[in-house]
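Starting off, we have a lone chain in the form predicted alone, written out as C-alpha cells.
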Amino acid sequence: MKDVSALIQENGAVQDRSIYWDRDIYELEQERIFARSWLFLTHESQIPLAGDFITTRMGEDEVIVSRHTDGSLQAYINSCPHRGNQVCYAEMGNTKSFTCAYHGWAFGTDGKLITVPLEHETYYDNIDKARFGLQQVAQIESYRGLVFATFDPTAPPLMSFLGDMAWYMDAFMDVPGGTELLGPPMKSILDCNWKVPVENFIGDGYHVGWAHAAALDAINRLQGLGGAETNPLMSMQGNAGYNPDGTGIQVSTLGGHGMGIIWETAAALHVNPAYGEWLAYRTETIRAERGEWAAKLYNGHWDASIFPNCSFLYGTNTFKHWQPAGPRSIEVFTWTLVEKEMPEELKQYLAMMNMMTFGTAGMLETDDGENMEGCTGSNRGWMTRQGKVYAGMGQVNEGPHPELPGIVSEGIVAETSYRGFYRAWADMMSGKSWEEMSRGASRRSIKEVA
C-alpha cells in the first residue's frame, strides 16, 4: 500500500487515485474511520415504540438498533457470541427478543443474553450470561432525531463531532415538531467507492448545470414554465455562464462535514406550489426564533454531507446513507426528509418527488450514478491508478466569514467542502488522535497555510 501520508496533498486539493480502488486502503478505512467516527444509524421516527428495531451497518459491521423497554436507544453487533451466526435477518420490525437460529440463544432488546437452551443440562448452570451479551457500540446518541453511534469509547460527544455542522442543520431541523424520515428506505447498489457520492453531495455545484442539464429542462417543462419565466436553477444549464455574487455559498466545517447552499431555491425542483407555501408559512417563525441567517438557510437548497458517509439534499428532501460494501461497491439507502407538522398530503407529494428525482431510478439519481461509477471504474488500470485527481476550485476565494462558521466560499461552484472532507479523511487515516484533530488542523484554509 502507498504511504498514507502522501495520499492527500496540497491541503486537500489533490487526491491519489488509489484511494478509490485499493483494497488495503479500504481495509484501513474500516479501522481508522468507520471504527472510530460517529456513524448514522437511523432516525428515531423509524423506531418510536418499545421493541421496534432496524438492522443496518457501521462500516461493514452488521448491527441491530432497537428501542428498549425503558425507551432508551440501543445498538449492538448482529452476531451471536456463541458461534458467530447472524442473529437477526429482518430489516425492521418489533420484537420482545432476538433469537439466534443456529442454537437458540436469545437476547433482549438491550442486547443482553437472557436464554440459553439446555443451560442446566449442558453448561451445568455455569455460564456467565452477563459475559455473553451481544457486543454493544461504545456510544449512541441522537441529534434532532438522527441516531448516530460509534465503536470508539474515546470519541468526543456527538455534538462535538458534528460541531458547526449542527448549527447549520438547525436551520431546518430545529423547527416546531421536528423532522422525520419517511420509510422504509429505497435501496440500490452502485459500483463505486463510498467517497465519490459523499464528495458529490458535499458541494458539487459544478456538475449541476452540465450533468443534469436535460433533467433541469424536463423539470422546467413539468412546472409549466418557459420563456422568461423559468426555474431559477435553469440559469446553470449547460454551464454557459456563472456569476458567483449572491448565488449562494459553499461551506467546510471542522471534522470533514460540509455543504453547498443555493439561496432562495428550496422549492425550485417542485411542481406543486404547496411546498413553497409551507416554506413561506414557516419562515417568519424561524426568523423570529433563530434570526435572519436561519431564515435564509431555511429557504435555500442544500447539498450536504456529514462525515464520513451520510448525505442529504434539503429542498429536494432526500436523505442518503452510502453503505460501503468493498472498495468499489456501495449500497445506497434513500429516505424522504420532511417536517413532522407538514400536512400528510404534502409529505406524500415530497416522497413522490424524491422518488422521481433521487430515488433508485430518479431522473437526477441516474445521471449521478453513472458518473459515480465512472469515477471509480476508470481507476482499474494500474497506470491510471498511479495518477492524481484535482479539487482545487475556488481556493483563492475561501476563508472565514464575518457571521457564518467554518470555511466559506462565496458562490455555489467551488470545491471548498471537497477539500475539507479530504483533510478530515487524511487526519483520520494517518491515525491522529481526537485531541490532535480538535486543534483545528482540518479547519485551515489555503489562505491560512499559504
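In this text, residue numbers run from 1 along the sequence as written. Here the structure is a predicted model, which is why all the values come from computation and not from measurement.
Beyond the structure shown, there is the form predicted in complex with a small molecule, which is absent from this document and is the topic of what follows.
Triple contact flag Lys195, Met259 and Ile306 to the small molecule in the predicted complex, non-hydrogen atom at 4.5 angstroms = No: no residue has a heavy atom within 4.5 Å of the partner.
Lys296, Arg328, Arg290, His212 - the one with a heavy atom within 4.5 Å of the small molecule in the predicted complex = Selected residue: His212.
task = Would you mind picking the one in Phe148, Phe172, Trp105, Phe358 that has a heavy atom within 4.5 Å of the small molecule in the predicted complex?
result = Of the candidates Phe148, Phe172, Trp105, Phe358, Phe358 is the one lying within 4.5 Å of the small molecule in the predicted complex.
query = Given that the partner is absent here, does His321 sit within 4.5 Å of the small molecule in the predicted complex, heavy atoms only?
reply = Although the small molecule is absent here, His321 would stay clear of it in the predicted complex, with no heavy atoms inside 4.5 Å.
query = Do Asn200 and the small molecule come within 4.5 Å of each other in the predicted complex, heavy atoms counted?
reply = Contact check for Asn200: yes, within 4.5 Å of the small molecule in the predicted complex.
inquiry  = Although the partner isn't part of this model, could you tell me whether Lys340 comes within 4.5 Å of the small molecule in the predicted complex, counting any heavy atom of the residue?
reply    = Contact check for Lys340: no, nothing within 4.5 Å of the small molecule in the predicted complex.
Contact label in the predicted complex: Arg83 to the small molecule, heavy atom within 4.5 Å = The answer is no: Arg83 has no heavy atom within 4.5 Å of the small molecule.
key: Partner-facing stretch of 148-156, 180-188, 344-352, 296-304, counted where any non-hydrogen atom is within 4.5 angstroms of the small molecule in the predicted complex   = Answer to the contact question: 296-304.
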